[in-house]
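First, one chain by itself in structure tokens, the form predicted on its own.
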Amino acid sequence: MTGSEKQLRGLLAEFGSTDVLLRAAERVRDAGYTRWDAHTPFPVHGLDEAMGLKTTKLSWFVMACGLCGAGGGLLMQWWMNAVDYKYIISGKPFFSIPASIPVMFEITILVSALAAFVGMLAFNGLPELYHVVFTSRRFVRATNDRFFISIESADPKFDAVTTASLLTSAGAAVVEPLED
């Protein structure tokens, strides 16, 4: 590819309202596209359902890591107090669960918070420092007052003419090609 040739990376459709965006998202979902996204300046109620998004696995990941943190904290305290360094104080037991609860709680919170942060980045494929939608001058309004749907050319169902026709018939005010 020479420097003057540009490669089509997808299509970006602009919508003027949330209602039109929701109907368009349902049409794109029903058409079978899998590599697409909706971009809005604020959360739109019902957009997840319109896009056909599944529930996240992040909560299960965070819970599993939190339970591992609690178990690790309990195991750590048992090892330190009952095995590694037995310290006899007034006939108190070497290990007791009630005395271990504050440390277990703190380690559970710490491990859960780290798991939520790392899991969110990993599950979302972040950090993504560049995306082809950033080449569009219109996309700047996605943080202000416009709604967009972008469909990547890597989608198995992508055909520039058919996809543009679908987006236009779904109510897009403007459909523009995204090129690198």
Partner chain sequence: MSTALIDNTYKDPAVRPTLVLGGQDFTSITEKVCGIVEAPKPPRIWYICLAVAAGLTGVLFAMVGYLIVTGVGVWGLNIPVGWAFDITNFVFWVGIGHAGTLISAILFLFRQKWRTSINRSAEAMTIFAVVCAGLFPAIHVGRVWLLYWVFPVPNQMSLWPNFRSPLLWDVFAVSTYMTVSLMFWFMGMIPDIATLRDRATTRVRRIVYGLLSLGWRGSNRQWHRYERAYLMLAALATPLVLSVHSVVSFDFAVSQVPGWHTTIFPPYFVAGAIFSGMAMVVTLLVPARQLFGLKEFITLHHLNNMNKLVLATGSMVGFAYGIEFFISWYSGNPFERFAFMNRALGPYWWAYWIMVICNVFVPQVFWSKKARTNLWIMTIVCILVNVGMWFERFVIIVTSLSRDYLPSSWGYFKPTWVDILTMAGSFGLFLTLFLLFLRYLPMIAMAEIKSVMPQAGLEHGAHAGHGQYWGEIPHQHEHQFDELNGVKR
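A quick note: this is a predicted structure, and the numbers were derived from the prediction, not measured. Only the largest set of C-alpha atoms that superpose within 1.5 Å between the two forms is called the rigid core. Residue numbers count along the first chain shown, from 1.
In what follows, reference is made to the form predicted together with the partner chain, a form of this protein that is not presented.
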Is Asp48 close enough to touch the partner chain in the model of the complex, meaning at least one heavy atom pair within 4.5 Å?
yes
Is Arg27 close enough to the partner chain in the model of the complex to count, meaning some heavy atom within 4.5 Å?
no
Check whether Ala154 has any heavy atom within 4.5 Å of a heavy atom of the partner chain in the model of the complex, and answer yes or no.
no
Do Ile149 and the partner chain come within 4.5 Å of each other in the model of the complex, heavy atoms counted?
no
Looking in the model of the complex, the residues of 23 to 46 with a heavy atom no more than 4.5 Å from the partner chain, listed in order, are Thr34, Trp36, Asp37, Ala38, His39, Thr40, Pro41, Phe42, Pro43, His45, Gly46
Kindly check if the Cα atom of Phe105 is displaced 2 angstroms or more between this form and the one not shown relative to the superposed rigid core.
no
Pro93 C-alpha shift between this form and the one not shown of 2 Å or more, rigid core reference
yes
